[in-house]
Structures are given as structure tokens and as C-alpha cells.
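Okay, here we've got a single chain as C-alpha cells, the form predicted on its own, with questions on binding and movement later.
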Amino acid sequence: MRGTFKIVIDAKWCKGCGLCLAECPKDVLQWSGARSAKGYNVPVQDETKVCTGCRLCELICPDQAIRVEGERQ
């Protein structure tokens, strides 16, 4: 089963803890280098890598700042 998935990170809630980067089995997330309004480095999806939609990043985020969009086909 494959699908197209997009990882959306809400910079208002992300505190830059890095748990999502550590948990992703496909290393789809990377540090953006951009800072949120609170000064935290926020991760982004690396568009060169394929997100499998496992949603581990969503589950591990302590602040519910991550949403994975897309459906399995």
C-alpha cells in the first residue's frame, strides 16, 4: 500500500525537541534552519525522501504539533 503523504508541522506548537527526527524510520524530517516565533528550530519534510505514512512522528510529538496528511491507497 502506497500513498502520497505530507508532514505538516505547526511552528506555533513545535518546541524543536527533535523527537520526530529521531523516530522517523525513513529520515524524512530534517532541521529547517528557520526559527519559530518562540526561537525554536523547526523541522521540515525533506521532499527528496518518501514518507510512508507510518505517523510515528505524530505519535511521538509531545505537543501535537505534527500532522501527517494523506491516505494509503
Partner chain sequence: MNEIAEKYLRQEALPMIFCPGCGDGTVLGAFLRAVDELKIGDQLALVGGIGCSGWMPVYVNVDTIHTLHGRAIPVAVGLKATRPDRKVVVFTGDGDAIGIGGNHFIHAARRNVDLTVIMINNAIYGMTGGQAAPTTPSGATTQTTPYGNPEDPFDACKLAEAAGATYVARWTAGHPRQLIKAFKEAIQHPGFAFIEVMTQCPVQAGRYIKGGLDAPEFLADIRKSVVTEAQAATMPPEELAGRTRIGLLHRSERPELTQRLAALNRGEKR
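Positions refer to the first chain, counted from 1. In this text, all values refer to a predicted model and were calculated from it rather than measured experimentally.
Note that the form predicted in complex with the partner chain isn't included here; everything after this is about it.
Novice: Indicate whether the partner chain has at least one heavy atom within 4.5 Å of a heavy atom of K26 in the predicted complex.
Specialist: Taking the distances in the predicted complex, the answer for K26 is no, it never comes within 4.5 Å of the partner chain.
Novice: Does any heavy atom of L19 come within 4.5 Å of a heavy atom of the partner chain in the predicted complex?
Specialist: Answer yes; at least one heavy atom of L19 falls within 4.5 Å of the partner chain in the predicted complex.
Novice: Looking in the predicted complex, any heavy atom of C51 within 4.5 Å of the partner chain?
Specialist: Answer no; every heavy atom of C51 is more than 4.5 Å from the partner chain in the predicted complex.
Novice: If we define contact as a non-hydrogen atom of the residue within 4.5 angstroms of the partner, is R67 a contact of the partner chain in the predicted complex?
Specialist: Yes, R67 is a contact residue.
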